[in-house]
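Only one chain is included here, represented as structure tokens and corresponding to the form predicted on its own.
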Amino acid sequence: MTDDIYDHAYVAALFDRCSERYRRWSAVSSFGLAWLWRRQCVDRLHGQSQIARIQNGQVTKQAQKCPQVVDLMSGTGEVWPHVFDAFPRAQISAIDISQNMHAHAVTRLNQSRSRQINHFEANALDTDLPASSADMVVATFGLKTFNADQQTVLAHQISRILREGGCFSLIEASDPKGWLLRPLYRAYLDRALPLLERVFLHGAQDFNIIGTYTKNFGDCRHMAVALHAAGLNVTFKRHFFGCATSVAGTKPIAPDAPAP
């Protein structure tokens, strides 16, 4: 096994191992903030969907009734309840590199929603989803597993699969540089969290990589630049003093060709 923490095989194996504990441990270790940040991410997605309805200075009659939503690095589907609250008839394509994450997501599905979710075990960087096939793209807490070059590739993938007028919202745990309490935050991620994991998860050491990922990631600013370079409209936002950051925006609608 490679020691490159951004290698696809490394990331897949990491989340395969921790998939059974991921949902509960992430909720507890984040003191509930992960739930709030996912909700805020979808709130931004909903807001961008309204902005995307403005064409030529006019608001179109209605948004898509059954929007096609791509959930990148979907994990065990924690964001889906928020998506369905905002878009009850959404059809979700769940993309994740971890087979076990998909398996645990399926076991949690409510039967009334299972037909609205399709699962794809794939690397988000080279998914073969058709171009211009998604009305919306969402991603919660998967960006940190990509280095800067991979984020650039991901930005082009998002631009490729979004239709014109489509929208996106991505959120990630970040390193709140400049915050007065950052030393305590870093101590929790880098030292306390790995210790708690070893004590309460019988010596497991999978989640302690989160501290390294977040420190290397910094925040969503590089992703914002990459998305803009890929031709998308982008806005950047800090959450809870920068402990999380998000990017959201739309894919512009190309102007009509002039009449001959």
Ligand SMILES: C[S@@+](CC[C@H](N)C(=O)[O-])C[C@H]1O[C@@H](n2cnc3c(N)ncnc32)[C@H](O)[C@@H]1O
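All residue numbers refer to positions in the sequence shown, first residue = 1. Source: prediction; values computed, not measured.
Omitted here: the form predicted in complex with the ligand. The next part is about that form.
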{"item": "Partner proximity in the predicted bound form: R38 to the ligand, non-hydrogen atom cutoff 4.5 Å", "value": "yes"}
{"item": "Any non-hydrogen atom of F141 within 4.5 angstroms of the ligand in the predicted bound form", "value": "yes"}
{"item": "Any non-hydrogen atom of C243 within 4.5 angstroms of the ligand in the predicted bound form", "value": "no"}
{"item": "E78 within 4.5 Å of the ligand in the predicted bound form, heavy atoms", "value": "yes"}
{"item": "Partner-facing stretch of 83-91, 158-166, 133-141, 185-193, counted where any non-hydrogen atom is within 4.5 angstroms of the ligand in the predicted bound form", "value": "133-141"}
{"item": "Contacting member of L129, A122, V153, A103, with respect to the ligand in the predicted bound form [4.5 Å, heavy atom]", "value": "A122"}
{"item": "In the predicted bound form: members of 89-103 within 4.5 Å of the ligand, any heavy atom", "value": "I95, D96, I97, S98, M101"}
